[in-house]
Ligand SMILES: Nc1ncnc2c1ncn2[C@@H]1O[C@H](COP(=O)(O)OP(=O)(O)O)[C@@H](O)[C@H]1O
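Heads up, the chain below is alone and in the form predicted alone; it's given as structure tokens.
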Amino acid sequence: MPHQAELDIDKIIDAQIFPTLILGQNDLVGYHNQPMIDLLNNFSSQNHASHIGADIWRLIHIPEIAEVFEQVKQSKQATQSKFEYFDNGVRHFRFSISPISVDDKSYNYWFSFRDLTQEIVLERMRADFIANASHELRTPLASIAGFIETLQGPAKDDIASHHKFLNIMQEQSGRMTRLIDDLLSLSKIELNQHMKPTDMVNLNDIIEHCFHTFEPLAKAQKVVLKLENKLEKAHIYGDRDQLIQLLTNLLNNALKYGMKNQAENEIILRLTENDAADKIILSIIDFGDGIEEEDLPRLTERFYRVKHSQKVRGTGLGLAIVKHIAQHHDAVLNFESQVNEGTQVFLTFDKI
């Protein structure tokens, strides 16, 4: 019977999703599951297959946990709290400690941990997103409202002011339209993020479509748009409309930000494969001002714009949309850039 009881406890602990352990007498670890082993290895910076029989406080050096444990020992009441742990950045945890009565005089203690880091990061992103979206919409709305008030009042009979202000209002309304379109597009992509594309598409057709679409725009800006397609077959599982949107956003960025003040600028649209011929690499290369190294990790953040791009009209959502489309296709997105040398964007897809 004791053996059966121990087996039942093992099964209960192993069935827990979150890191869980039972602390026995003398603060020694009695039982734990695999997530708890991984967490304790992280806390103690030592890699052990098991910590059963170990002194918990030799493994955990976190004052908040020790304080709550003392409270639970005194009150014999389950208690939960939070703490932060620094491990290549801040990680946030919630933990609970519950007493388990063994007999009239002794207790074991159930420890459970939950990593809240991802939830907190997502919540902060959501809050920042709402704040930024509100700001981006509020500015043109305030501008339009101000011009309407002026046209209805002081400039009521001033025809010259009418033309001037109406042009500005049209520009501001266009800015809001682009922002709303990008927000809706981003929301739609995120909504279907878990539904991977099942249609077979040919990247040859997509890049040629985008090349012919952008070639007149490039010529108008005195840009040479080159197409380098070295693949006869470039089939992947994908959403054609999303892939066109992805490439459109990247080419728009190259035309907006990848130009130098020189007689001839160049953008290369390239399709190649890796040495193993199981991956397709889509590249967009410009030879413009480039991007500072500190900006590269943040390029796909919503509303993030590098300093030299802030004078150019845009919503700050283009590369966020690119990132989500890439993720939807299980594609790897990479940026390489050097100041005054240019920027290269690489998308690596699984080849069918």
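In case it trips you up, residue 1 is the first one in the sequence shown, and so on. All values derive from a computational prediction rather than experimental measurement.
Quick note: we don't show the form predicted together with the ligand, though the next part is all about it.
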Original post:
Exactly one of L317, V68, M36, V29 has a non-hydrogen atom within 4.5 Å of the ligand in the model of the complex; which residue is it?
Top reply: L317
**OP:** Spell it out for me: taking the ligand in the model of the complex, does every residue among K256, G290 and V306 have a heavy atom no farther than 4.5 Å from it?
**Re:** yes
Original post:
Using heavy atoms and a 4.5 Å limit, would one call L299 a contact residue for the ligand in the model of the complex?
Top reply: yes
Original post:
Would T343 count as touching the ligand in the model of the complex under a 4.5 Å heavy atom rule?
Top reply: yes
Original post:
Which one, 323-331, 282-290, 59-67, 46-54, holds residues whose non-hydrogen atoms are within 4.5 Å of the ligand in the model of the complex?
Top reply: 282-290
